[in-house]
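Shown here is one chain on its own, the form predicted on its own, set out as structure tokens.
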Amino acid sequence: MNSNRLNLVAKNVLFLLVCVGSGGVLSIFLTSPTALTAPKSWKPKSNRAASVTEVVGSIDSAFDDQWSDAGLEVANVADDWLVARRLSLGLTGTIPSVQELKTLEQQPSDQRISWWVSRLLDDKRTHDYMAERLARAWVGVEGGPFLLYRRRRFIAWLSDQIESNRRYDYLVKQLLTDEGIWTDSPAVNFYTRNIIPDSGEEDKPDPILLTGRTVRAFVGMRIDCLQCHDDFLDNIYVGDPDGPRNGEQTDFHSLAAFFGGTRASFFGIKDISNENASWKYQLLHDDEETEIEPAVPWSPELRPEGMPLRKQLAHWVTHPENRPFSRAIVNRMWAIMAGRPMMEPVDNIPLDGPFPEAMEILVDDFIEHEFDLRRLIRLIANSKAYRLESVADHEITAEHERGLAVFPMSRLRPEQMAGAISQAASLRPIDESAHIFVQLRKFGEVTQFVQRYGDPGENEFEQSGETVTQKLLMFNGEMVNTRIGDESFSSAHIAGLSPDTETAIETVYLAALSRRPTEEEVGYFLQRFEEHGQRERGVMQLYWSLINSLEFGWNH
């Protein structure tokens, strides 16, 4: 027997042991669910800060007034499992497992969502997924200069910061001011990403790219047009928020001047202080370059003096009184969790408003509670607007969706679709507790699926129709067919271990759609199962049907 055959036998034996072990657990699980342990960050309702409930009440009142003033009918509140599904898609990029749903069901009804948020905040998948979503706004998705840019290192570092719940303002300050090598000081990849290869200035992160990225990502404004000319179309306002003026080309380049002395060398990112640190640019209608002094486009009193330029900029950006900084992350977090921002587009919030009152309440609370991202997530998750149904008895118009009088539906992103397919085929969560083979298999499948499905890149919240290629990938793609047909996953286990066909149907619905089937749905599929006479084949076909349904492919 050659070595290849020995390896194959060893793999088969290991596979059999895993299947037997998991099958035994699942047979018990299908009839009597195994509860998960309580999240570390979970506190019973009586011990939670009362202010969370009070602030949520203020947010709900603000939405009630907004809907009343606009004459909008409001959808009903969704059930807890649907809200849990939204939260999982937004924070982890996948859906809840059957085991998680059944454990959630055992919690007191008035504490389920808070319990679920605590579980997700403790979940490594949340830290990794949030890091990826934020990194798309901060460094994009494309590769940067060879050797000088380490996107994976940056994501891993960011995930650690989120896991430790580091203050958001401290996190951004480090991004804007850090020095060192891109491997030992991962935050500097924010700078090395903006080095333009073969430009003749590989020792210098591009101040123009850095300025556009900094303003969009951290204060939620698009001022890129000002790079070339003044604002002639009344699109960009800067200056006094209570009396703004049109943006000018010098506003952009005065910000770029903060990065004029930043250099990349063998010793990493650092600042120089000689005459080469100044920023020179030939403005429109000028005949030659002029040296431009660093300046900020609004609230100059918030900019400190007597420290290096990048630190001055970081202090101004993150200052508690610089409200665009907090508005930008509140709007982005709402968008990540709900699929749509409170104000569109997500990275272009007018300096002078008007702003939804609920957003301003969230901004006030975010500043007052030291830029706590976890608290912000809890407030959003518990707000009435986030928990509304996406359907209603009345006609739903674009005005209802813009006003958040219904939960806005959005197509799952590629990685969410892949994560949901993978999780739907497993009754237990594919998280850190899952076997390493299961985690590796999921990673490989999700990566391959996203490559074929198409990654929208930095267009995080742009809604587009489903392509023929994407539809075919769902109909006949390798991941869907393999997951449904694989004997080591749910379809075979459910078919073989369910005490009756009705239990099998209910379990597939929970696994794929995070809800129980209606009586009409059970009756329909019982009849189909009887016609086929083979429960396993029926379970596989039911899985395929549900995974290819609109209900599965949309966040609703």
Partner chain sequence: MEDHSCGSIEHIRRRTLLKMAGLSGLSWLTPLGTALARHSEHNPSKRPLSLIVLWLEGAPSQLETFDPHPDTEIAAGSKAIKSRAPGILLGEGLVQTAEQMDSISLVRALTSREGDHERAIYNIKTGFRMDPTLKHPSIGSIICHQLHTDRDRTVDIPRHISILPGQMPGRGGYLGDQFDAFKVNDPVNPISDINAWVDDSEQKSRLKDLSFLDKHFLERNKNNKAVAGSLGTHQQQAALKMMSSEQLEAFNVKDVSESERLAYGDSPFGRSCLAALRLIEKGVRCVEVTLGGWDTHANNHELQAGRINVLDPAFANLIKELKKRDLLETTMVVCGGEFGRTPHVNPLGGRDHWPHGFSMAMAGGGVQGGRVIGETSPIVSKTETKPKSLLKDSHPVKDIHATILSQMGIDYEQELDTPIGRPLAVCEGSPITSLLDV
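Small disclaimer: the values here were computed from a predicted structure and weren't measured. Numbering follows the first chain given and starts at 1.
Beyond the structure shown, there is the form predicted in complex with its partner chain, which is absent from this document and is the topic of what follows.
Residue heavy atoms within 4.5 Å of its partner chain in the model of the complex occur in exactly one stretch of 230 to 238, 421 to 429, 260 to 268, 364 to 372, and that stretch is 230 to 238.
A residue is said to contact a partner when one of its heavy atoms sits within 4.5 Å of a partner heavy atom; Ala434 fails this definition for its partner chain in the model of the complex, lying far away.
Interface membership of Met343, defined by any non-hydrogen atom within 4.5 Å of its partner chain in the model of the complex, is confirmed. In the model of the complex, its partner chain sits beyond 4.5 Å of every heavy atom of Leu147.
In the model of the complex, none of the heavy atoms of Thr447 sits within 4.5 Å of a heavy atom of its partner chain. For the options Arg452, Lys280, Lys124, Arg153, the one in contact with its partner chain in the model of the complex, meaning a heavy atom within 4.5 Å, is Arg452. The partner is absent here; in the model of the complex, the one residue of Asn276, Thr397, Thr183, Gln439 having a heavy atom within 4.5 Å of its partner chain is Thr397.
For the three residues Asn348, Glu466 and Ile484, a heavy atom within 4.5 Å of its partner chain turns up in the model of the complex in every case. Residues Ile196, Pro197, Asp198, Leu209 are the members of 183 to 209 with a non-hydrogen atom no more than 4.5 angstroms from its partner chain in the model of the complex.
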